[in-house]
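Encoded as structure tokens, the following chain is the form predicted alone, with no partner shown.
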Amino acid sequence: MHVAIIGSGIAALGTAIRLRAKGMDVSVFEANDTPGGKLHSFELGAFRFDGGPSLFTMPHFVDELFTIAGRDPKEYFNYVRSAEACRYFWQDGKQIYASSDPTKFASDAERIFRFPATDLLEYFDHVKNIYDRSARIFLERSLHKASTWLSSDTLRALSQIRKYDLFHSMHRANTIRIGEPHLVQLFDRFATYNGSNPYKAPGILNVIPWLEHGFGTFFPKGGMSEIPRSLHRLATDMGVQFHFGQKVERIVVKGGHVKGIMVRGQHIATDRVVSNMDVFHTYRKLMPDQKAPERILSQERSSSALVFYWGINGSFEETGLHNIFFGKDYKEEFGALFDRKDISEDPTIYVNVSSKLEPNDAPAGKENWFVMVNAPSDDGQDWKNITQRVRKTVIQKLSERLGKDIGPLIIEEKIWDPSGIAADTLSYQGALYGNSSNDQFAAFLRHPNFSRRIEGMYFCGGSVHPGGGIPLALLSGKITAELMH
């Protein structure tokens, strides 16, 4: 069986490896010159930056791909576990260096916020229980197959559904179970991991912090872009064929069956097609003559990002690998994102400094800052003016919190706004995670990993089930590969 995969993002690479391990003939077509999609890297002067995702959790999903191929992961890819998950800073002066270990985190939270450590450990037990009961069903299986719903595991899980906080928002669930304002805001922020609003997204998404504090946070040696590079090497060694710089122009469908793809005006016959391209553009650009699932394609988009890549002439002991500088009014911040399609006047700022763990990413005594502010999806906003306003605010806030004027220290700069993300990654409206999860049944509303109308047509990646982010994208590839025979 010959399978063509469109795109070489992390989900596509995982799919290709799994299909090749099943003995299929796999060809990957990528418009860019390198694999990885959003997981890319670049240099500004003497500084190296990872352009996309900066957080690595659940590395066993990556290791699994080497295992099923009969290879030793360490021959291709190495990573280290971080003792510290993230450093959090509030404008009232409070701060916590959140340990990846739940027990130490709870102990530190008790000391700093006077919140009982036992209560926080109970919270972790609660979200762990949700994950243990629901992940295998809702994240690792297709929700669009009857066999999933008729299994005994699913029926048991559904009988406990009220315990999953599905009928509370994340914020409401956190307020009930924690209540302490700083910690509520800390746990609310995990809604941004799938581009959603914690005041609307269902409480079941509070399992996300368990991925950090239960499984841990990690750092790939060489940076985040080593993840797709290592998977590309593995896939190549297995016999997957990669065609870089070859943009797919059309998916050929006849009589309800996939017949191949068009590349540079040439028809390439295939038995199956997997699209790692945003599902919106897969229909609009590659299958414009096919009936599209308009209800799914018209759903609210996830948030995007406004990213400043800064080469900093200096170093700061106060910051770690991952840092969050909170705004004062979180509810207003998300109201701006999803209701007004704007960035608030006091946004929360994320700063990633990979040179803390990878010294070669910056010259001695200097640091590479990946500075991100959550942004709405691109709907025609004036990004030039928004960027100028936000840049000024970000520099001012970081300067005040770190006690040093940041502006003059910026010696290299690149800016990526939602319109640029949309253009560079073909993510519709620059949404990082496809549709938002601002609905209690959002997981069931994402596009399936297969087409019900077109035989031989499959999908993987962050815009389809189960969602975006490295772990879910890899699970997407797993589901897709398991569906194919």
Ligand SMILES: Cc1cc2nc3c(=O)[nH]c(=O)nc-3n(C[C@H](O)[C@H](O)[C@H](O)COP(=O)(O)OP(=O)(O)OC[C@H]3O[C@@H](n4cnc5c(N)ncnc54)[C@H](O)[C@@H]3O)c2cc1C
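So that there is no doubt, residue numbering starts at 1 and follows the sequence shown. As the structure is a prediction and not an experimental result, all values here were calculated from the model.
What comes next is about the form predicted together with the named molecule, which does not appear here.
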Segment that reaches the named molecule in the predicted complex - one of 82-90, 380-388, 327-335, 240-248, heavy atoms within 4.5 Å: 240-248
Selected contact from Ala31, Leu44, Ile454, Ile68, since only one has a non-hydrogen atom within 4.5 angstroms of the named molecule in the predicted complex: Ala31
Any non-hydrogen atom of Val273 within 4.5 angstroms of the named molecule in the predicted complex: no
The named molecule contact in the predicted complex: Val307, any heavy atom under 4.5 Å: yes
Partner proximity in the predicted complex: Gly469 to the named molecule, non-hydrogen atom cutoff 4.5 Å: yes
Partner proximity in the predicted complex: Ser427 to the named molecule, non-hydrogen atom cutoff 4.5 Å: yes
Every residue of Ser8, Ala12 and Gly462 near the named molecule in the predicted complex, heavy atom within 4.5 Å: yes
Sequence-ordered residues of 45-73 touching the named molecule in the predicted complex, heavy atom within 4.5 Å: Gly51, Gly52, Pro53, Ser54, Leu55
